[in-house]
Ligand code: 48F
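One chain comes next, on its own, written as structure tokens: the form predicted alone.
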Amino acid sequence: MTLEETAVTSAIVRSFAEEFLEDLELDVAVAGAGPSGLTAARYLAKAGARVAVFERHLYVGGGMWGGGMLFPRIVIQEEAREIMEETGVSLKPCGEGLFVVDAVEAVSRSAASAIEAGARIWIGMGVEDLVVREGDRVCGVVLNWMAVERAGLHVDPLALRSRLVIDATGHDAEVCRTLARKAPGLRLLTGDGAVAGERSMWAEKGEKELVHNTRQVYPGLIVAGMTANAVFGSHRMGAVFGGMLLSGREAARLALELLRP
């Protein structure tokens, strides 16, 4: 077989263009492919929603890859066991109601399960802004390459429409902070209208508050995972990921409820 370089180029460009064009109209755009973003995307896709995940880095999984201080293991609570087992991950009991999981396996199976359910994941592509109109409602995302951001180039972004957006960008709550910065007259539905920022580590309290904090904070914008705790000023948890998974599932449930006619 003769390998023609232009054939490789053609296959890549055509496939990318065709699938990216299909994602210009979404039910849900998820910003961030960490544990909560991947979980939300899987449940949404399984329910029949058109969903795509946009991850600014060249990898998925967020903080799961590093486990605890580069020991590639994470801990999951009994409450989230089912969510992890649905992806095929092996869980080993490590205490009352606790399980230890290989971090690499958790990331790999979470991403594969989301894709198998029908979600699409775009890497190297970050949500740098939101489309806000139609009566002050989030109705799309503004995208650019991470390489453009890193290089400091002035390159205009592209945008797509989405009925809902989930901010699962993690500790920095990037999408929510962008909304607050770009449109100071708009108010997040968080009591005082600001992104509070996460508090110091308190694993038990942070885990308990995470699902409660997973909610719609502005019309069309849902927060999930550590974004939710950062927006509402709750505690960080460290290498315990049960709450992140539960938050992702709750974000999907809420999104599906909001998508209903």
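The structure presented is a predicted model; accordingly, all values stated were derived computationally and were not measured. Residue numbers here begin at 1 and follow the sequence given.
Beyond what is shown, the protein has a form predicted in complex with the ligand; the following relates to that form.
Sort through V107, V127, I83, V89 and report the residue having a heavy atom within 4.5 Å of the ligand in the model of the complex. For this set of options, the contacting one is V127.
Any non-hydrogen atom of G220 within 4.5 angstroms of the ligand in the model of the complex: Judged by the heavy-atom cut-off of 4.5 Å, G220 is well away from the ligand in the model of the complex.
Is I166 near the ligand? Define near as a heavy atom within 4.5 Å, in the model of the complex. No.
Can you work out whether A33 and the ligand are in contact in the model of the complex, taking contact to mean some heavy atom pair no more than 4.5 Å apart? Output for A33 is yes: heavy atoms within 4.5 Å of the ligand.
Is there any non-hydrogen atom of V28 lying within 4.5 Å of the ligand in the model of the complex? Judged by the heavy-atom cut-off of 4.5 Å, V28 is well away from the ligand in the model of the complex.
Stretch in contact in the model of the complex with the ligand, which is absent here, among 170-178, 110-118, 155-163, 97-105 (heavy atoms within 4.5 Å): This holds for exactly one stretch, 170-178.
Looking in the model of the complex, is the ligand within 4.5 Å of a heavy atom from each of R56, G63 and V240? Result yes, every residue of the spot touches the ligand.
Going by heavy atoms, what in 101-123 lies within 4.5 angstroms of the ligand in the model of the complex? Nothing in this stretch is in contact.
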